[in-house]
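Single chain ahead, written as structure tokens, the form predicted alone.
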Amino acid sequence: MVRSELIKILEEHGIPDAGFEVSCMLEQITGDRYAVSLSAEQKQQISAMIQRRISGEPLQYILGEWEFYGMRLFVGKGVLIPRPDTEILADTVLNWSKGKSGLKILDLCTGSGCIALALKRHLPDAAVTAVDISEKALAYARKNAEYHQLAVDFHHADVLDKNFAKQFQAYDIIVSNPPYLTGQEMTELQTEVKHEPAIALFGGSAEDGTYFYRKITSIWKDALRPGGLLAYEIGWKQGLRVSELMQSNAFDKIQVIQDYEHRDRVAAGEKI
């Protein structure tokens, strides 16, 4: 089974970027993105990967890893796949942190730990804490932290638990990529995205997907010191709503930052 045949199979099943995906699979199995000669065992491996892919499973889960902010991260069923748009959130925090040292950072809804680990890697003297309700996701986050030898304090808890939040004080930065898809958007998910945990996607009862922003801002603002930064990843239609929400909760210097497609992607502001 040669590379061109593998690409054709994916294309026939409507998978875009088939050449890129086959290259990723070949590289993992053989170390060569353009391998033309496979052993019998390698042929079995690539065939199994192709079958998983045409069934709709995300490439990232099949590979068991993906890159975020220049880091190799382990991913799989039960954890949200890190996306390039989320790197804009990390950029926002790092830009705000320039010239500052010894920061206390709290990452809520950490998932794979991608944000917490990117920040710890680039701010080595920061104390980084991360929280998630999913044990499956935290297992990946801890594995990723161990792989990169980055010290992050992980907690298994519900970020909407007011009593849990009370134990956190005087943080310089709170960052979060919470669930924010609307009920309508959940019904329109691509096949691949349906394999990802709904708990990490669905933005709760609010029709506009802002439930978690409202709850997190209200519950966790007291954990942030005056002048501290609150930074969220947001859906592309949520910039105005989240900005108004932050303003009503005593935040100023609020900015909405766009992604690579010029859509609103991050809302950030400082606590008054």
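Don't overthink the numbering: it's just position in the shown sequence, from 1. All of these numbers come straight from a predicted model, not from anything done at the bench.
Separately, the form predicted together with a small molecule exists; it is not shown, and the next lines address it.
**Student:** Looking at heavy atoms inside 4.5 Å, which stretch does the small molecule contact in the predicted complex, given the options 76-84, 98-106, 138-146, 125-133?
**Tutor:** Going through the listed ranges, the match is 76-84.
**Student:** Please determine whether residue 177 contacts the small molecule in the predicted complex, using a 4.5 Å cut-off between heavy atoms.
**Tutor:** Looking in the predicted complex, residue contacts with the small molecule include residue 177, since a heavy atom lies within 4.5 Å.
**Student:** According to a 4.5 angstroms non-hydrogen atom cut-off, is residue 159 in contact with the small molecule in the predicted complex?
**Tutor:** Although the small molecule is absent here, residue 159 would stay clear of it in the predicted complex, with no heavy atoms inside 4.5 Å.
**Student:** Determine whether any heavy atom of residue 150 comes within 4.5 Å of a heavy atom of the small molecule in the predicted complex, and answer yes or no.
**Tutor:** Residue-level check for residue 150: no, no contact with the small molecule.
**Student:** In the predicted complex, does residue 71 have a heavy atom within 4.5 Å of the small molecule?
**Tutor:** Flag for residue 71 set to no.
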